[in-house]
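A single chain, nothing else alongside it, follows as structure tokens in the form predicted on its own.
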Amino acid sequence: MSSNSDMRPVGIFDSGVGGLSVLRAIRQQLPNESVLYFGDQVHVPYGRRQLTEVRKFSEAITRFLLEQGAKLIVVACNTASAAALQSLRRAFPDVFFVGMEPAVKPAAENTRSGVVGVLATPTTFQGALYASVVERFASNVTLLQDNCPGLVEQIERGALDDSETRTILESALHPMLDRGIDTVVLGCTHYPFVIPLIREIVGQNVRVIDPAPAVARQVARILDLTERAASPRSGTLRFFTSGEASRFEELLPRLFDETGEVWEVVWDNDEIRIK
């Protein structure tokens, strides 16, 4: 890559604010990279939608981020990765993509009890990506799964530690604890924002795996391979939301340590334009 392209931003998208957990890890790993973040809040959550619909959203968002100058796309959404990552790579063969993969492999390699809990959306559990990871790495491990209905919506509201959020997590985790889990895999990028509450529920002897740092490392590897030239200055941030910009701006300080411009976009059939 030329030095001019190296100055182009990394593009990240999610169904809502969940991908901010991935952005946080990328900023820690690559503070000099500029980033475009797209939260498709008008369609959140993706986890209850059909695979074909999620693919359509993902392709349109990718086109939009590329039009804004993105040099690499991070699909910071487990549901979109499960539904659309392969089709995105076919549709945009010259673009580097980094997707989310449930961290079943490190969980299976390090579990002592042989019982692992996985929290993810229905679409993630139904996807071929999850099935492939389980088949390759977890054949000798008992995996206990839960969809955590309503948890994404709670996090989108900024309700990280209220009674309803606690009830959702306790309903998912208490049966798993009764069956002996010693590891919890977070298979949705929204869920790292409730890690403090999860740890309260499961206790200090249960490991909680956030996949975001591994994704950030993969982004760094790809940029290194494409001859990334580090900028001497901290990279800029721009945020796009298909929901209300004011609501996104309100949530940012609760979920993320930095601010930036927030632009509201609208869906026009299958195209996205800045409002």
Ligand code: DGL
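Sequential numbering from 1, following the sequence displayed. Predicted model, so just to flag it, every value in this text is computed and none were measured.
The same protein has a further form, the form predicted together with D-glutamic acid, not shown here; the description that follows concerns it.
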Based on heavy atom distances of at most 4.5 Å to D-glutamic acid in the predicted complex, which listed stretch, 76 to 84, 125 to 133, 198 to 206, 103 to 111, is the contact stretch?
-> 76 to 84
Could you confirm whether Val215 comes within 4.5 Å of D-glutamic acid in the predicted complex, counting heavy atoms only?
-> no
Given that the partner is absent here, does Cys188 sit within 4.5 Å of D-glutamic acid in the predicted complex, heavy atoms only?
-> yes
Mark Thr121 yes when one of its heavy atoms lies within 4.5 Å of a heavy atom of D-glutamic acid in the predicted complex, and no otherwise.
-> yes
Should Gly47 be counted as a contact of D-glutamic acid in the predicted complex, where contact means heavy atoms within 4.5 Å?
-> yes
Exactly one of Val98, Val152, Val116, Val194 comes within 4.5 Å of D-glutamic acid in the predicted complex through a heavy atom, and that residue is Val152
